[in-house]
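Next up is one chain by itself, shown in structure tokens, the form predicted on its own.
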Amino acid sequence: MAGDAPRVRFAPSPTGYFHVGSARTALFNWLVARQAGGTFVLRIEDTDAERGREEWVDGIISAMHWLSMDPDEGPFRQSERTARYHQAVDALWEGGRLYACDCTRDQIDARNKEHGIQTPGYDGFCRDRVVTREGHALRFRTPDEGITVVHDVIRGPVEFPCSAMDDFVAVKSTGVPLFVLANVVDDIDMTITHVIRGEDLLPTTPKGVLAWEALATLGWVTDGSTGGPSRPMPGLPVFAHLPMLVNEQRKKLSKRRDPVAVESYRDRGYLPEAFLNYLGLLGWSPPGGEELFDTAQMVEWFRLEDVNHSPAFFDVAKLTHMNGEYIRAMPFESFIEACGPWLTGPLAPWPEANFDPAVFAAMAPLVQERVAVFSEVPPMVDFLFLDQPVVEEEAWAKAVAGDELAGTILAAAIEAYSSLTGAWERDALHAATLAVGEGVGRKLGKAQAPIRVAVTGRRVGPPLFEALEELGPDKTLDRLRSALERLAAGSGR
């Protein structure tokens, strides 16, 4: 660690939904800050006006708040620091570290082809030409010899021969500084001690090191623009490049084909504590090998040097299973409260007037045992609060229309349940259904399948007899009769 009070930064670009890989990066930065009483800085890299959107900035901030990772400082916006970047550009230009280039990509490719150069890098054509600065790209003059070493906490020293690095573009022809230079200026001014980010950015790091060292040589100082006083140039930060996240095919997670938006997991009813727990396991594991732990334990146990450099599999099934474990461990009252957004308001699939909190509370312990995310709660209990159940056609086809004894079972259930209207409770319903099954030579599990679909619309749900007790005799018998009529009509509807 570089000192007792690290300053770390999370610097996302608002060009899409909040990616799970970005959330993991934010978490590991946040953990380093929390461990040592440091500072967690949020910096929005919003200089790409064509791709960035303000709603995605809001999405990043709200998702971080959902995960209890509010920044200690920020958000700072790169779009508001343009003047500071131009000061750095002027210093590097006057110090001879930048030069103007008017080469087009086609010209560079043509020269490389002419000289038999297979790599697409720049050939230094404009290094010794006199090209006016205005209206042209500015390239950083990299050393011709030597090795730039990135000392990485996770990967160890990574060497980049200067001869293999081309003179990279630091400023576009429009005058807009590019990623490498803007980040270096920001990290200097914000006195960032640790740069913790994804491994996809490792190839840009030696360029940043060279720019940092060039500014230091030129006597650059921080400007105090982020709230602190102007101070001498800090030393290079500690670098840590986190392992890539991959899908089940071991391919890099893609926004186009993989479920990577943090907002979608929040909206489907994952718990933030479970989500953080799982993110913590993506490239790191506690010293004792635990898989379930709270945030306080993660802060205590996490060590940046223990992060693995191998790709980490983002396993949605494992995340979902873990979330289910968290849900089952919740106190009953907390579970009821957490279900609230899915029971009333726009997420509820039934008229608000139909919802009965007492009925749900009676079923809640059975539901809590069976759901992995909160969005699964309404389908478990919707039959209780809808005037008619939503019948899954596949369930109907298999458990009712496809069962030659379904009609006999439904008719027998109607007769048996009609005699229970004065003693309508789960044990009596269980006994009556068991007798119905015995009457057709079936065990209870198979005998109750057509009854469940007729009454709830689904083959899977809470225990049938507790469900029937809460639904009551009138609705139960009405639905059984409707199912029998549909079956007799043979319309499938």
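One rule holds for the numbers: they count along the sequence shown, beginning at 1. Here the structure is a predicted model, which means the values were calculated and not measured.
Here the subject shifts to the form predicted together with the RNA, a form of this protein not shown in this document.
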item: Candidate spot Gly121, Glu369 and Phe465, all three touching the RNA in the model of the complex (heavy atom, 4.5 Å); value: yes
item: 4.5 Å heavy atom contact, Arg129 to the RNA in the model of the complex; value: no
item: Pro161, heavy atom within 4.5 angstroms of the RNA in the model of the complex; value: yes
item: Distance check, Gln448 to the RNA in the model of the complex, heavy atom within 4.5 Å; value: yes
item: Non-hydrogen atom contact Ser22 with the RNA in the model of the complex at 4.5 angstroms; value: no
item: Residue stretch of 409 to 417, 342 to 350, 136 to 144, 232 to 240 approaching the RNA in the model of the complex, non-hydrogen atom distance within 4.5 Å; value: 136 to 144
item: One residue of Thr191, Ser79, Gln297, Asn308 in contact with the RNA, assessed in the model of the complex (non-hydrogen atom, 4.5 angstroms); value: Asn308
item: Listed residue that, although the RNA is not shown, lies within 4.5 Å of it in the model of the complex (heavy atoms), from Asn354, Ser264, Thr204, Thr421; value: Thr204
